[in-house]
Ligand SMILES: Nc1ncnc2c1ncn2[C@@H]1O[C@H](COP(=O)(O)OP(=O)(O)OP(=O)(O)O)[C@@H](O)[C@H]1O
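In structure tokens, the next block holds one chain alone, the form predicted on its own.
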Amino acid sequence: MTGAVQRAEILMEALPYIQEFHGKTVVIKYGGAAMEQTDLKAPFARDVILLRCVGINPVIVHGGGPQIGAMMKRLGKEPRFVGGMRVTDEETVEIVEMVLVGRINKEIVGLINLHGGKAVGLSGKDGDLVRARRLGHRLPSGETVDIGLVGEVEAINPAPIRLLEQNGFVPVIAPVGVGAAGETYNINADLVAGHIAAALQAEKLVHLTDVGGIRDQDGTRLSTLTKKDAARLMEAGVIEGGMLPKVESSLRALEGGTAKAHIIDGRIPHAILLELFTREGIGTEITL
């Protein structure tokens, strides 16, 4: 009986959080090992379904950079990067759309549905969900270079997401945007997630990453981080590389009305549940 009671106590620990978040939206940026490792895919899908079953509205925004690069090489096209940004000509953006919308998005939707959920896939082009404009990329030297059809978010239309939420579906969104002339833009998925969280005024934005959270100059994981602290660490070069857009995304969401943002280790099974439904949480929590 002791084991059974302990399991019941674990469930009861989650109760106040379930009550607090009931009816609210949680935006989850899905990427890294959590999306690529076979043994982590099914637990992620079941976590999303559990959130929906207890009355929370999960919205998934996924990436796919490595898969895009692999497909380009299979098709005989060598990926090129400038300042960490993928140079995206018209042929490349077709590959981006094929991989993100035609393959990865449908795999995630199928996985959630396979385990008993109800998911619907969208790209930013559906329902004019993500309106984008061309991103002007500036090098550290100050020179501006053309990197093609790489976009930044101009506006979010939350209506398609709200419609799906109201009817019990989990929206799964590929970070492809549409320009004023109908052109397709490849957009950083972290930044799309932040803009969507802001537009929905989500309760939380959760980034699944391949690290345990944000660390300070001494390598110590920070359990909480304020906007002021983040600015200091970015200026000092402590927050850099792939962590930069995640922090920028988090701050964008917070400034738009999201209550809290989290950067957590998606390699840990059920990381989302541990962050949302336990007292300790995991990773780094970002606040204004």
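Note that the structure is a prediction, hence the values are computed from the model and not measured. Residue indices: 1-based, along the sequence shown.
The same protein has a further form, the form predicted in complex with the named molecule, not shown here; the description that follows concerns it.
Screening 251, 54, 40, 239 for any heavy atom within 4.5 Å of the named molecule in the predicted complex leaves a single hit, 239.
Residue-level contacts in the predicted complex: of 146, 210, 154, 89, one residue has a heavy atom within 4.5 Å of the named molecule, and it is 210.
For residue 66, a non-hydrogen atom is located within 4.5 Å of the named molecule in the predicted complex, even though that partner is not displayed. When the named molecule is considered in the predicted complex, residue 187 lies well away from it, no heavy atom lying within 4.5 Å.
Among residues of the shown chain, residue 58 is not one whose heavy atoms approach the named molecule to within 4.5 Å in the predicted complex. In the predicted complex, no heavy atom of residue 125 sits within 4.5 Å of the named molecule. The chain is drawn here without the named molecule; in the predicted complex, the stretch among 212 to 220, 194 to 202, 117 to 125, 162 to 170 whose residues come within 4.5 Å of it by any heavy atom is 212 to 220. Residues are counted as partner-facing when one of their heavy atoms sits within 4.5 Å of the named molecule in the predicted complex; in 268 to 288 not one qualifies.
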